[in-house]
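This document starts with one chain, in the form predicted on its own, laid out as structure tokens.
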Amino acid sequence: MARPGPEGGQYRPLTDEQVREIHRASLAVLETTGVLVENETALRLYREGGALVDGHRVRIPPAMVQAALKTVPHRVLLAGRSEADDIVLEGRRVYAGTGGSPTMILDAGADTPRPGTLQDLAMMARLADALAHCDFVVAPLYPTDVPREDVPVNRFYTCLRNTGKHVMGGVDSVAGARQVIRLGALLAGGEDRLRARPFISAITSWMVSPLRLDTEVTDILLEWCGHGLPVALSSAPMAGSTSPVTLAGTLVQLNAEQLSGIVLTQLARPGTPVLAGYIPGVADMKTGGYLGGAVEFGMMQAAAAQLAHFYGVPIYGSGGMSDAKIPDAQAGYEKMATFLLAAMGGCNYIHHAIGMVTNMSAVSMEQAVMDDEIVGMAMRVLRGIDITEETMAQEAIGRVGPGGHYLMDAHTVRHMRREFFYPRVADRQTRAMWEEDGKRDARARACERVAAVLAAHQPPAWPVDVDAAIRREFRIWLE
């Protein structure tokens, strides 16, 4: 049975009327400015669907958007290898996991990252499998020790082998997409079974902001749609660089980009499960570079969630980002700000939340266990304060009375394990106890936690006969 994520939506940076204004402006952009499409298959689909095609410029009328919104699913199952790890994206339910495809990993205690390997990816996936607040695994590393043509199937294989949670990732070719889908079908016992319980899904960064479809990635998107498997439509404009500098202007452009993608997926195969991939970025006005830890990033992500809720489409977003280079105080406050805003906005699928440092440039296992606590605290916020006759505790108050204490009261025993969030890395000892324990900081404690988890945790069983079939069909580099 799927695990229900807590509900967000407590933070609404836009009013209902402002959501409608952005919707109307986005439709106007699609109808008058349009999108640039150089992919011949996409051009044909748009033309046959009713768009005005002038060379490579495609202008999409509102009626096409409305038609697509009628067939796009409002509920998307992202299965695990077992039902206990299933997640269902709908409404304002919030889930969090890993993300990104950096080629670099930051070792324990190191200040400088190094190129990541397939074995690093295996350990990161196994760690994610063990973390209580990690709901899914977006392949968190691009291995540098595997030939490029073998990377797609090896990334998915390595993640699936080391976690029972849902695995999502990007691929860089149609051939890679076909290999990954074939891998999933072998594990599921057939493509029909994989479609019924999709434990893999794809990220397609098909949009090059502003408003231009990437030809090769669009081919990958259309291939994935053809198999009816879940796909995330990732577009990531940067305010001030590849989208207007104002937050409102970036949201209008981003929304238009997402709607153009939803239209394309539904033209390709009506009913294709889509995650609207709103990833609004902020450009550093001093350097032109990307900022991951900006508070405005979190604000726009929450606003984007409102837009997705308006359309009834699950949203793939980002949170827990930081511009910090190592797991330090900056990483802590930027990650909490960006994740909490996205979660309280009701973003359904928040990737990048666990393990990332230096934006999306490196992954860190120490940071991952600290991020797991950040996510756990934020999820506790979403759970809110339960007001019932039992939780208001009038009977306990009367029983203890003036001057008493509640430490041994039955009401305390009943509720203390669930009422509070208990960290595993954060230190809550007295100063004297902390000093006696070696004055270890959060990073040192996180390093110890990583070692303990990796030494003890085993991922779900892996079918030996299926593994042999996979290795006969593909070049698998993981020993």
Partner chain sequence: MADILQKIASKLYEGEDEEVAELVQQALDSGLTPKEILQDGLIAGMDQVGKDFKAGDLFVPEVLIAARAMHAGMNVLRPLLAASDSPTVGKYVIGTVKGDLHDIGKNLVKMMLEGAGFETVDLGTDVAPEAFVRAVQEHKPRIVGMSALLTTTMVNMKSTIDALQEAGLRDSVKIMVGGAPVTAAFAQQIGADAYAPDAATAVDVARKLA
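Numbering follows the first chain given and starts at 1. Computed from a predicted model, the values in this text were never measured in an experiment.
Below, we refer to the form predicted together with the partner chain, which is not included among the displayed structures.
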*Could you work out which of 399, 269, 74, 148 is the residue within 4.5 angstroms of the partner chain in the predicted bound form, going by heavy atoms?*
148
*Go through 108, 285, 295, 84 and name the one with a heavy atom inside 4.5 Å of the partner chain in the predicted bound form.*
285
*asked:* So in the predicted bound form, is the partner chain close enough to residue 119 to count as touching (4.5 Å, heavy atoms)?
replied: no
*asked:* Residue-level question: is residue 136 within 4.5 Å of the partner chain in the predicted bound form, judged on heavy atoms?
replied: no
*in the predicted bound form, residue 130 touching the partner chain (heavy atom, 4.5 Å)*: no
*Wondering, does residue 103 line up within 4.5 Å of the partner chain in the predicted bound form on heavy atoms?*
yes
*Please name which of the stretches 74 to 82, 238 to 246, 374 to 382, 391 to 399 has residues with heavy atoms lying within 4.5 Å of the partner chain in the predicted bound form.*
238 to 246
*Any residue of 125 to 148 that, in the predicted bound form, places a heavy atom within 4.5 Å of the partner chain*: 142, 144, 148
